[in-house]
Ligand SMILES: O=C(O)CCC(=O)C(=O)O
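Have a look below at one chain only, the form predicted alone, in structure tokens format.
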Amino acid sequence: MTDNEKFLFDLWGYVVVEDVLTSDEVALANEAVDRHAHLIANRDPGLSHGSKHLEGATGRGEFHQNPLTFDRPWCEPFRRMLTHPRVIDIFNEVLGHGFRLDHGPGLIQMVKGTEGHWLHGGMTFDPSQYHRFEHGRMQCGLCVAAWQLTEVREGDGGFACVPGSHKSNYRPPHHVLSTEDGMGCIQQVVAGPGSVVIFNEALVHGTLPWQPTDRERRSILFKCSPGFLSWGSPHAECPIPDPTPEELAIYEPPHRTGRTTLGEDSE
């Protein structure tokens, strides 16, 4: 993790890392989504929670099968994301060596008219979602690697947050969470295809309605925790039929000592 990335992640609660996937990897991932469109279902609207600024005609599209279990070659781009060295490097820094996949991967697919998601996170005490700085390094709870398969430009909608709110001491006003009056503090995050947005779940974040008519929003989200805790129910086992040692390691259930660690500088 570069010094610039450490600075921005600690300051904002998120960082955008561009061009992590090659154009071929992005193309294969999008083709895999297209070929498994029958496994995508739109959830019922409701994530906007009545906000006029977030409401839409439809809910977002989500996979109803883990893309890590697709047949080859369609599983390969998602498996690459799961244990990508760039993400391992960042999560080793913010979550600690021996971090684990808590839940995901999940698809978020949005077209014009898809509702947004009420801003949430970081507003009440949650021992699995936190940000602190001790002994010369960040220490964080549940964090997300959100891989972008399509371009997100300014004004498009999609992922948005209140930068720095992962360290805020006061709950945001209702009109900020609904985005009806953002008070100038809501940032829609711009990212190109092949980039990954790393953010802390303690960050106040959500989704703005998708605006473009010429392209979809497609994001693949992996949510990871320090190796000793779990936000959701731990995986019973790795679902990948032929897992690598790295994939088995990231699926280990939460425990404190003797964890398998990933990355060249593993401890």
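This structure is a prediction, so every number in the text was calculated from the model and none was measured. Residue positions are given as counts along the sequence shown, with the first one as 1.
FYI, the form predicted together with this ligand isn't displayed, but the following is about it.
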item: Site check R80, W147 and R218: each within 4.5 Å of this ligand in the predicted bound form by heavy atom; value: no
item: Among 71-79, 88-96, 163-171, 112-120, the region lying within 4.5 Å of this ligand in the predicted bound form by heavy atom distance; value: 112-120
item: Non-hydrogen atom contact T207 with this ligand in the predicted bound form at 4.5 angstroms; value: yes
item: is_contact(V176, this ligand) in the predicted bound form, heavy atom dist at most 4.5 Å; value: no
item: Close approach of K223 to this ligand in the predicted bound form, 4.5 Å, heavy atom; value: yes
item: Contact test in the predicted bound form: I108 vs this ligand, heavy atoms, 4.5 Å; value: yes
